[in-house]
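Take a look at this single chain, the form predicted on its own, given in structure tokens.
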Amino acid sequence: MGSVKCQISISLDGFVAGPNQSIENPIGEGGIRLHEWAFQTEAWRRQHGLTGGERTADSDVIDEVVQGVGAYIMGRNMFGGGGGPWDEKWTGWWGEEPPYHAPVFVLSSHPREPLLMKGGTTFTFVSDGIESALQQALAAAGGSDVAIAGGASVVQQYLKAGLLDELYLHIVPIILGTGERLLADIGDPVFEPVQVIASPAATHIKYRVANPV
């Protein structure tokens, strides 16, 4: 069986999104700065159907984090579309061909029929909890890894439940001051650093996650 892992960009003061998130500003005020380290890399541009970009340590990290991933889990806010009952016209932020190219399980309190997209991505909406989503994702991954894509609340839930094996933080040298904090209300997991890669744009630290006996 594959591992359950998460990779996410985070500010020096612990935020993974800025304040006042909305459909118009999904990462919150200033949140786009958390991801600028990735945008000019060759790997990120290739994964999003673009050409060009730089081959750097950051580009190598982006290539690494998608290797061996057979399915994804994300929260309703990351998929977007607002709260409440679904607007069936909303199909995510990523256009007709999302960059996942694998099954994606979206946690939501509102049921919705699966959504098939171009490029091999299928969004399945799960309304009976994180354990159900994980069981479905592991089955769909067929022995490959499952990636917890975000947002912060979803990552926190899997950490607190002791269901996350690996956390890969891309630490960006900015201060947001407020927003959506990642490492809050997660219990007492043990983080063992197993890899550190540094660049001028970000420091990438991979942790093995364990829970106290």
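One rule holds for the numbers: they count along the sequence shown, beginning at 1. Just so it is clear, the model here is predicted, and its values are computed rather than measured.
Below, we turn to the form predicted together with another copy of the chain, even though it does not appear here.
Contact here is defined as any heavy atom lying within 4.5 Å of another copy of the chain in the predicted bound form, and by that definition each of R33, L183 and P193 is a contact residue. Contact annotation: N20 falls outside 4.5 Å of another copy of the chain in the predicted bound form, judged by heavy atom distances.
Contact annotation: S199 falls within 4.5 Å of another copy of the chain in the predicted bound form, judged by heavy atom distances.
With a 4.5 Å cutoff on heavy atoms, L169 counts as touching another copy of the chain in the predicted bound form. Within this chain, I175 lines the site of another copy of the chain in the predicted bound form, having a heavy atom no more than 4.5 Å away. Contact with another copy of the chain in the predicted bound form, defined as any heavy atom within 4.5 Å, is confined among 144-152, 175-183, 36-44, 66-74 to 175-183. For the stretch 9-37, the set of residues having any non-hydrogen atom within 4.5 angstroms of another copy of the chain in the predicted bound form comprises L12, D13, R33, in sequence order.
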